[in-house]
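Just the one chain here, the form predicted on its own, laid out as structure tokens.
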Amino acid sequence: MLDRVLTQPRAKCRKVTLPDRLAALLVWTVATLVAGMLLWIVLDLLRHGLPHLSIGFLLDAPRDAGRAGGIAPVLVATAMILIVSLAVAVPLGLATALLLSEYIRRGSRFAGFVRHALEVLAGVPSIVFGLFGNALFVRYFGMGYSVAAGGLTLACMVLPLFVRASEEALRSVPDDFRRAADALGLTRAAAIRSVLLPAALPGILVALVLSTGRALAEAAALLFTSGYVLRVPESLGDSGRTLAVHIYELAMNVPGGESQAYATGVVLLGALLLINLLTALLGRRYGAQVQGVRR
């Protein structure tokens, strides 16, 4: 029977019809437009921002309401708010993802309700999160306009995205890994720590990159929570201005600040690219290790 299968003539390829060609043309056109739009934005940003970018711009304090000087206090405030945000969102998000994927049976109504709530929260506009953070952290808890209030608000905003992406990464781990852990007599906690999390790490890193990118690019929510004071925060209780808020202020409220806004935009773009590059390298490294284990 195998000989007959091997000796049969190859089936003719399906003829490419006009609708197929039009669909392919539409897909290529849309992809080209998207790539061209991204390239246009990046080139415009680099053309206006690179001439004003220097080491001094990164290390000096701003002068004349940001029209001159650098962005050192802005970089410090951005790093502090981002650290607070991820320090809260990553542990809570990872614990929630593990709960949904490993501890609650599939098809559970409670799990479905939590996923639906996360999807709704992921679609809430950032300005609404800003109002929520202002009411809860700034006023109710008395934090005022501070790094802590801004970081906690960002944590609430990026948490749904991180949870859903991390849950998908955990669910993508083959069930053979879980069965192997059971065969070795590992407890569920030990299996999660030693088997599942390392295998799902590339996907979790992707979730971390997406969350970091959204947090770095956020301005509306932070205007209501962290404020826009242009100085180095001395503690989590001080107000601070992030890169995105600084760009907004220079472009909208400071006459003559467009060139500094473009330069700050180049720094923000560079930070996002650097985070993506480091995460891609780590994901490739751990992904290769997981592939080696599977073989």
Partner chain sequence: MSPQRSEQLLLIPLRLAAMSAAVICFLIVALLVLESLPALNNIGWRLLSDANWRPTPAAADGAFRVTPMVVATLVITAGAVLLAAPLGLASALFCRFYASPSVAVVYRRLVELLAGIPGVIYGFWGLVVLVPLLGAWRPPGASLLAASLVLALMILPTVALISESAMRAVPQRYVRAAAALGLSRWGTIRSVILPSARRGILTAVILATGRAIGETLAVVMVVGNIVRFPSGLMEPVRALTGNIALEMGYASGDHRSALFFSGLVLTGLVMVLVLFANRLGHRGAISDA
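Numbering follows the first chain given and starts at 1. All of these numbers come straight from a predicted model, not from anything done at the bench.
Unshown form predicted together with the partner chain; subsequent notes refer to it.
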item	value
The partner chain contact in the predicted bound form: L159, any heavy atom under 4.5 Å	yes
Interface membership of L121, the partner chain in the predicted bound form, 4.5 Å heavy atom rule	yes
In the predicted bound form, L59 touching the partner chain (heavy atom, 4.5 Å)	no
Partner contact for L273 in the predicted bound form: the partner chain, 4.5 angstroms, heavy atom	yes
Neighbours of the partner chain in the predicted bound form among 217-239 [non-hydrogen atom within 4.5 angstroms]	A217, A219, A220
